[in-house]
Every structure is written in structure tokens, then in C-alpha cells.
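In the block that follows, a single chain appears as C-alpha cells, in the form predicted on its own.
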């Protein structure tokens, strides 16, 4: 499967919107405020910023829980491209159409409003969201902006950061960087291909290991003299350890080299060398995944804080998801600060819970009991043939550690034989059901 011109236009178009958002926002801020072209508010209005897995879920379930509410989803992209399942697109196992979905369809199906704009700021006193396409009054505001990259873990040199973003993108936010990475993989002729796993609570814990396996399998299938060098800042595989490590040893001994405790100290792009505390690695090509932080809108609005995991995540009450000191502003999804896996299923279930919290407030009912998010995660370990591993878990609060952790996880880490084949089927069934949940009634 080659990269079609249509695929390129889809992905680069999405990236252009994202890249231009800051500049557009600054220009709009210079202009006088104007009202967004939407009907005036007559019922309680819930405005959701961010059309990722959590924002879509908040919008859908807010309308389900509060049928008389006016629900508006504000998103700067014109179409949804899924990060979950994109590793399979990188190696030609699914089409881009499989990952791409229609925001307008989701809004029509679930009776809310999709408003295509970028959020600029919030007038918290008067409850007004400022966007690039006008001001929106709200009664309840949900910020679900997802992640942004934090390259300060490696450098404060803006030239190097720009080169890392453009020449060696992480490709853990959907858009043009995915297309760049796919082109790199397909055009790779041989040698070392470096990938990295960041520290902290990064987006989708198993995804970098899954991606390394997918690319190693692709190189193996193409019979290239090539090797994935996976530099992991953590002291071991962060999740599904047994499944990934056995796959690396048994399937990709000659195509994948895993290096834990490999905190990067220097990246020399001119000489194509990476230096860690103990080793130096040369590379022909690479994809560098840095730390992550909460979306910058949290910082602009003043509802962010540095956490033990990452910079500038949402400063929220852990039970209500409400921003501390800011009534009726909620933060959901990957930008939230708890130790939950920053994954699609987790964000989806968080979004459903936040919708219940807001509906309860509208109806003036007693507070509802805390509901744990649910992490259901399938990870492919091979594509020739397709095998996968699996984890399902909820979360519990550990008072001694003062943090949340997995509670009674169920795993299936045997990727061999029938178990692996069934998990691979489950991977597609899970994705199909999640797309239906977010975009259909």
C-alpha cells in the first residue's frame, strides 16, 4: 500500500490547521470580540473544548445525561484522525479512512453542535469562551485539549527543537507528523532507526513498544539490513512487560534492540548521534518522542500546574474533575493530572463520568459517587501474522503513595498461537466499538 496523494492532503491539511492555530489566535486577539454565529443561549449550555477521545465522549454523554442542555463541541480540526490504531496504518495494515471520522456526523447523530474553531482564552468572570470564530457563552466549560510535546527535557535550543519537530517528529499527535514517520519507514534502506520512550506519564504507555515491534516486523518482512534502536528512559517496559519483552527477544532479535534506563543527554542531528549516560548511538533515521504536557489552553486560562508526572496538566479536584478555584470549569482526558493511562479508552470513560457530574449539577442532585476510568488496551506485537496482547483495568487510590494505580488488572500477554490471534481480533473489535460509541448514537 503506497501513500496516496489523498492521504497526504488529509494529514497535511490537519497539521496546517494545528500549526497555524497560535498565529491565528494572536491575530484574533487583536481584534474586537464578536459573538460566535450560533443561536442565543436559552437552556443550560455545556461547551467542550477539544475533539479528541475525551471531548467527543463528554459532548455525546452530556447530551444523553441532560437532554435539555445546549451542548457545543469546539474543535480546531475539521476531521478526526485517531492516534489509537495509527501504528497499524504506519505499516500498511489499515487504511487512513479507517482512522478518519466526521465531526459533523458525530454532532448530527448525538444532537449537539460542532463548532470549528480554536479556543483562545476564557473570560471566567462572565463565563465566555473566546475562539477564533467568535465568543461563546457557557454555563459549564470542559477543557479536553489533550497533550502537547515538552522538549525541555532535552534542550532549550529553539533551533534544535524546531529540527526535532520537523525532521524527526514523535508522531503521537495525529496529523502531518504521522505522514512524515510513515514516509521514513517506507523509504528506509537500512541501518539504525532510533525510537524513544519518554519518562513520566506519556500518551498511551504501550504505544512506543507496539510501534517498535510493528516497524521491526516491517523491516523483517522487507528483509532489510535494519534495526530499531528503542531508547527507553524508564527502567523497564512500562506496561505489558512480559508480552513485549518476549516478542522482542523471540521475534525481533536481529531487528530490534531494547535499551532501558537510557535517558538522552545529547542529540547531535548533524552527525546523527544520540548520547545517553552510558552509551552513544549512531542512526540513519529516527523518531524522537519527548515528555508530554497538558495543552497550552490550560496555561492560558490559568487552570494548570506542574505535577509529579508532567508539566502544566490540569489543576483539578480528583473526584469532580473541576478546576480548583474555578467553579463550573472541568478538565478531562490526557490533560488531567492523575496517574491514569493516557489512552483512548481511559479518556472515553473519563468523559462519560464528567458528563454525569455536570448533569448532576444541572439537575441539582446530590454528588454522585466517584467512578473509576477504565483502561482497555490491545497492543499488536506482530503483523506477519497478526498477534496482539491485552490489558483491562480500573483504578484505585493508594493513600500511602498519594496516587492512583491499577486495580485488579486482567492481562493476556501470551501473543503466541490462539491467544495472540484472538487478541488481534479483539484489537479491531475494540476499535470498531469505540468509533461507533463516539460517532454514532
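Keep in mind that what you see is a predicted model, and the values were worked out from it rather than measured. Residue numbers count along the first chain shown, from 1.
Not on display, but discussed next: the form predicted together with a small molecule.
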{"item": "All of 103, 118 and 376 within 4.5 Å of the small molecule in the predicted bound form, heavy atom check", "value": "yes"}
{"item": "The unique member of 180, 307, 110, 86 whose heavy atoms fall within 4.5 Å of the small molecule in the predicted bound form", "value": "86"}
{"item": "Single option in 357, 286, 99, 297 placed near the small molecule in the predicted bound form, where near means a heavy atom within 4.5 Å", "value": "297"}
{"item": "Close approach of residue 142 to the small molecule in the predicted bound form, 4.5 Å, heavy atom", "value": "no"}
{"item": "Touches the small molecule in the predicted bound form: residue 313 (any heavy atom, 4.5 Å)", "value": "no"}
{"item": "Partner proximity in the predicted bound form: residue 122 to the small molecule, non-hydrogen atom cutoff 4.5 Å", "value": "no"}
{"item": "Distance check, residue 345 to the small molecule in the predicted bound form, heavy atom within 4.5 Å", "value": "yes"}
{"item": "Option from 358-366, 269-277, 330-338, 247-255 whose residues, in the predicted bound form, bring a heavy atom within 4.5 Å of the small molecule", "value": "330-338"}
